[in-house]
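Single chain ahead, by itself, as structure tokens, in the form predicted on its own.
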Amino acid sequence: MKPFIAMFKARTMEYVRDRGSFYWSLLFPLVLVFGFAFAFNGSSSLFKVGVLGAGDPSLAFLKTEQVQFLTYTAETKADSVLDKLRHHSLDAVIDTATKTYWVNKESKNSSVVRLLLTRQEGGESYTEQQVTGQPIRYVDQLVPGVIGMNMMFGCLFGIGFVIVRYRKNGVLKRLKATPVSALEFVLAQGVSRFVIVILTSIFVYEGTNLFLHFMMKGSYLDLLLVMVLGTLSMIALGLVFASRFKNEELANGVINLVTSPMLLLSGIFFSLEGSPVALQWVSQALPITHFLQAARAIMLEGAGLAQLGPDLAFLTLFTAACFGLAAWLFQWE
């Protein structure tokens, strides 16, 4: 344990003594959360309406240009679509087969959509149903994304980039001559980054929650377990990048190449509801997407771990695969 403890302490103190990186990892997420909470405090001007069924040619409302219509196939359960309406992801739901529409009585957008529907040709033949749901602010959706983004950058650059720098500067070559094994070195790097990222994420959440009071319907312990699994997946991916790259420029380029789609397509800042199907498929191949889906399900829907099986299974398999690949590829020099 002595080599491991020595390497763990050295890496942790290196990070803490780098004041710029230390304060950036703490302050940037706070500024981002408060900034987005202020900038997007108002409701969106774009209406989104879910359509169940094949459409209705007699309903002129379906041609309204100010409304984005999202068509759901017969395999999609109506309850899951209505949940989107309860959570204010949709402003109304229309079932053209039964000529029924649902609105959320707590949603201001639903009231406008109702007027657009009932005042147009064919709308008078539809029956109204109502659902209720506690309003979900944009910042409630955002905070898991900010934590995930901080986790992603902290692990990929804090593990992948740093070890590549060690290799380029000859640090790994010198460590190879010491009693420290590759397993002890990599494990110390990973545990150090794990502790830093988890503590930083907790600080960001609690520090902003004191003022913004996020919606939390599920268990804090479940959220912490999901955060742990998400962090491990990012550390494992960072170790893959660190295993062979010989210079920082290449590592920086490849890490940015990987983080860019995760930043844009995982739903960190906005929902992918209504985006092209191909982008949604790509997003499901990203580990950060499954972390966000699980974290938001816990916070906004009160989901338990049993309901998060697919997301947790993906993160577990992804983590194991990346750790195995990193162990196979790793070289000191």
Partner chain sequence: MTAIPIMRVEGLKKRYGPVHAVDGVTFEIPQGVCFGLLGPNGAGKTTTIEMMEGIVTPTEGKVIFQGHPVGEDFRKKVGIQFQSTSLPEFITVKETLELFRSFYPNPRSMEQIIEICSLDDILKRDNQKLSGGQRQRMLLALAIVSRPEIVFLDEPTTGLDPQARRNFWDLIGKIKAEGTTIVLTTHYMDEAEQLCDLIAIMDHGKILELDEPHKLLHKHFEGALVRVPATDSAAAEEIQSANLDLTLKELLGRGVNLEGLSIHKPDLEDLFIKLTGSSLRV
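Residue numbers count along the first chain shown, from 1. All values reported here derive from a predicted model rather than from experimental measurement.
Keep in mind the form predicted in complex with the partner chain is missing from the figure; the text below concerns it.
Although the partner is absent here, Ala6 is a contact residue: one of its heavy atoms lies within 4.5 angstroms of the partner chain in the predicted complex.
For Asn169, a non-hydrogen atom is located within 4.5 Å of the partner chain in the predicted complex, even though that partner is not displayed.
Although the partner is absent here, Met13 is a contact residue: one of its heavy atoms lies within 4.5 angstroms of the partner chain in the predicted complex. The partner chain in the predicted complex comes within 4.5 Å of a heavy atom belonging to Val180. The chain is drawn here without the partner chain; in the predicted complex, the stretch among 218 to 226, 205 to 213, 150 to 158, 172 to 180 whose residues come within 4.5 Å of it by any heavy atom is 172 to 180. Checking Lys99, Arg119, Arg165, Lys105 for any heavy atom within 4.5 Å of the partner chain in the predicted complex turns up a single hit: Arg165.
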